[in-house]
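First, one chain by itself in structure tokens, the form predicted on its own.
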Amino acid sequence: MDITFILTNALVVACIYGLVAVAISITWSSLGLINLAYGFVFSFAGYGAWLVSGLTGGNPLMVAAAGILVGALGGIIICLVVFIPLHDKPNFTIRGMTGTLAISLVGSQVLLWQFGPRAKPLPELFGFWKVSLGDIVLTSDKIGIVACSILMLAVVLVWMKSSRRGLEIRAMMMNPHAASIVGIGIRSTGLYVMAITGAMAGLASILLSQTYYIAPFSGLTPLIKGVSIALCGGLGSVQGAVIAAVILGFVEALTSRFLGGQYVLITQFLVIITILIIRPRGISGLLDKAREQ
């Protein structure tokens, strides 16, 4: 068994889908919104990067920046169309989930009309070099994906701990009602939350494009896996999402290696069901004893 191959693939998968899962967790814990439109944001950011790639001759920095910025724009659009009009309405959780699902379906169809069904490639962002560590050979795309994912997550967490807006978001994650009482604006904070999480989904799209192509419905699988990871980790827990991403990344790598890619979703959902049976609140219940009240 090539343990190195499995470990590296598991880490790459965990980094890409973990970004989406963390975005879903932050959105839920701060805004109470289960955002099912990240699939659309994923594809929307990919096409934005593809357009910029054609204009700039495939400049890696410009392509990556375009994906992140267009992803943030997609998040802001969702906030303006769904969150702000609905956040103070009865049954907001159901209304918001339905609204974001509608945006995902309509938006993906618009992308299909605009760009057609043919998949679009993005340029190689990290070159074609390799690093050899004894018997371990790491390719540039795997190193780049892991480094960019960790850097993005670190920047978001540092910003949330050090900036005023970040502290407001953390306050809403801890207690949204108390945060609103002390004067934290729900609408303005929601714009920041959706922009940041949209940017994370946009980066995930760019990183996944190093292996797959951009297509109108290419965000569907990342959305399913992101929601699955967030639920498995404990919806609303960033730590739980990271741990769940690593676990499910290993499951996907092992399944692809020994059974084939067509069985990945089956084995992942079996693992998720098993974890939720044992820990109904998700993996984060192991880390946050306050959830056991």
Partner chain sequence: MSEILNISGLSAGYGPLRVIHDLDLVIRKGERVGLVGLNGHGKTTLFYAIAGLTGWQRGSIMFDGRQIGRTRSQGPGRYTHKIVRLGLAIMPQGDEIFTGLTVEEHLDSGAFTRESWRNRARRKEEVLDLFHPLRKHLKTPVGRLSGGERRMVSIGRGLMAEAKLYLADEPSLGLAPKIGIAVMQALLKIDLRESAMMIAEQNVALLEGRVDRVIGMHAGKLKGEASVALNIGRAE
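Numbering follows the first chain given and starts at 1. It should be emphasised that the depicted structure is a prediction, and the values quoted were computed from it without experimental measurement.
Beyond what is shown, the protein has a form predicted together with the partner chain; the following relates to that form.
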Exercise for the section: Mind telling me which stretch in 99-107, 112-120, 138-146, 167-175 gets its heavy atoms within 4.5 Å of the partner chain in the predicted complex? Expected result: 167-175
Practice task
Go through V155, I76, I84, L220 and name the one with a heavy atom inside 4.5 Å of the partner chain in the predicted complex.
Solution key: I84
Practice task
Could you check which residue among L125, A215, A72, A179 gets a heavy atom within 4.5 Å of the partner chain in the predicted complex?
Solution key: A179
Practice task
Decide whether R187 counts as a contact residue for the partner chain in the predicted complex under a heavy atom distance cut-off of 4.5 Å.
Solution key: yes
